[in-house]
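Presented as structure tokens, the chain that follows is alone, the form predicted alone.
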Amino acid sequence: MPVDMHVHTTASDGEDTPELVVARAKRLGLEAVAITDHDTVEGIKPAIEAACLHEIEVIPGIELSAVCDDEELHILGYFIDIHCQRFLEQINLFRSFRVGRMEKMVKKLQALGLPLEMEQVSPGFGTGSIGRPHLAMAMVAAGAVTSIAEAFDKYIGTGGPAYVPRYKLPAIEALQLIRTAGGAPVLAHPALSNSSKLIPCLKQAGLAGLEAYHPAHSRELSEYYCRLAQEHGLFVTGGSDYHGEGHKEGVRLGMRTVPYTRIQEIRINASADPVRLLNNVY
């Protein structure tokens, strides 16, 4: 049975609530779905509660922004302990960095003459992870732009007049953080970053897997990353990177999956002794 291991909800920059994601996954015939919101685990508890009703498994996960040798990476973490205090403290710090970034971007927009206040920008779910999509939606609601695409194209896209870079953890610290919470770290969509050359170093620092199957990867690229994973003793994952039906054309929940048998391998890796694994770094 298939498993989609890369899914976002309204707890970060997704369009669907955790409950809706779980219901959609069940209708599609998925055996399990991993909730991997950016820098937050707030969507996991409601997803698990919904999963009990729909008889589908939810894998607790996260996606962290990281940097290594000036290359931006995204690190997925699977089977993390969402009650780990040290992990939660760090995640709360990330949330404050995200809020600070939004405040700076709002000030830049105000300086450009756009009618917008920070109070109008909020995450779509509780106190979840705030990001540029939420700012773009606030800009549309305030009448500053006519669409989310216009907000990114004219103002808040990378290099735009109101753009502020987001905080990124050093990759080794991101890997350690996931291991501290009992999770298995995976390099997300490696084709979207110049990261292949970094894999040996990341493996030494605790990397467990590669996301070989992703909408941005052609069949040839997926096969390449499968070979690379085998070469470096990493397991292979895959997922849709789903953010909602209207987020990116052609990207659908469940369009990239791995067999459920892969989950046991990842579960074993996640339960490995984090102290022993992290000692490899030194």
Ligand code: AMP
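Counting begins at 1, following the sequence as shown. What you see is a predicted model; the values in this text were computed from it and never measured.
The form predicted in complex with this ligand exists for this protein as well; it is not shown, and the discussion that follows is about that form.
Colleague: Verify the contact flag for residue 13: yes if a non-hydrogen atom of it lies within 4.5 Å of a non-hydrogen atom of this ligand in the predicted complex, no if not.
Modeller: Judged by the heavy-atom cut-off of 4.5 Å, residue 13 is in contact with this ligand in the predicted complex.
Colleague: Even though this ligand is not shown here, does residue 243 get within 4.5 Å of it in the predicted complex, heavy atoms only?
Modeller: Residue 243: contacts this ligand in the predicted complex.
Colleague: Taking any heavy atom pair closer than or equal to 4.5 Å as contact, tell me whether residue 107 reaches this ligand in the predicted complex.
Modeller: Although this ligand is absent here, residue 107 would stay clear of it in the predicted complex, with no heavy atoms inside 4.5 Å.
Colleague: May I ask you to check whether residue 168 falls inside a 4.5 Å heavy atom distance of this ligand in the predicted complex?
Modeller: Flag for residue 168 set to no.
Colleague: Could you work out which of 203, 101, 95, 154 is the residue within 4.5 angstroms of this ligand in the predicted complex, going by heavy atoms?
Modeller: The option sitting close enough to the partner is 101.
Colleague: This ligand isn't shown here, but in the predicted complex, which of 206-214, 177-185, 83-91, 129-137 has heavy atoms within 4.5 Å of it?
Modeller: That would be 129-137.
Colleague: Could you list the residues in 27-41 that come within 4.5 Å of this ligand in the predicted complex, counting only heavy atoms and keeping sequence order?
Modeller: If the 4.5 Å heavy-atom criterion is applied to this ligand in the predicted complex, 27-41 yields only 38.
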